[in-house]
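As a starting point, one isolated chain is supplied in structure tokens, in the form predicted on its own.
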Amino acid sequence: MGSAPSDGAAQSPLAAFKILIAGGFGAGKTTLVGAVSEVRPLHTEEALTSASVGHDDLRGVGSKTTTTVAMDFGRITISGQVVLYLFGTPGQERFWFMWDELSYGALGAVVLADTRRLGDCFPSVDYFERRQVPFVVAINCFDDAARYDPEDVRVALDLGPRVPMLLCDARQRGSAKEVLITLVEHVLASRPHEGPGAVVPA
């Protein structure tokens, strides 16, 4: 008499992929990673001190008291088959030298945009465009920020129609997860010749 396969044998193997969370100083990268991660996130935040004067522009984010000095790290499982490892990049220019190491092997990236300081996300956009890394732009809706239509933000950032733009609240797990799902779908759509199996195992 045959026996049914165990749950472990019936399950498809997990596929793991690296995702970058980028954007300007204070855009909400650490918040997004912390909101969506299913494990306790790793943060490398340090308190802002007088040493940052002249280096960190606090206009629009005056209440910010800490800054990421290396990276944030978290993990989330998507659809039971895909695991995303999230690496939040430091936003200040003096830490940009770390981006090459963090971006190595990345499937794609999320650029968090803060409309109070929209120009701060240009370096991230330029970085991923030059390296042909698929990315989406998530407009983080801060409570004290004016609301703009995503298409208006697209024009301001001089982005083509193929780059997904969406509103989000980096504090909310559901909203952050929607951003990541949008990115995965964008990567799939960007690789039609490879087929879905290139990212999501059958």
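We number the residues from 1 along the sequence you see. In this text the structure is predicted, and so the values were computed from the model without any measurement.
Keep in mind that the form predicted together with a small molecule is not shown, yet the notes after this line are about it.
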Quiz prompt | 19, 83 and 107 each touching the small molecule in the predicted complex (heavy atom, 4.5 Å) | solution = no
Quiz item: Does the small molecule get within 4.5 angstroms of any non-hydrogen atom of residue 141 in the predicted complex?
Solution: yes
Exercise. Considering only heavy atoms, tell me if residue 177 and the small molecule come within 4.5 Å of each other in the predicted complex.
Key: no
Quiz item: According to a 4.5 angstroms non-hydrogen atom cut-off, is residue 173 in contact with the small molecule in the predicted complex?
Solution: no
Quiz item: Might residue 31 be said to contact the small molecule in the predicted complex, defining contact as any heavy atom within 4.5 Å?
Solution: yes
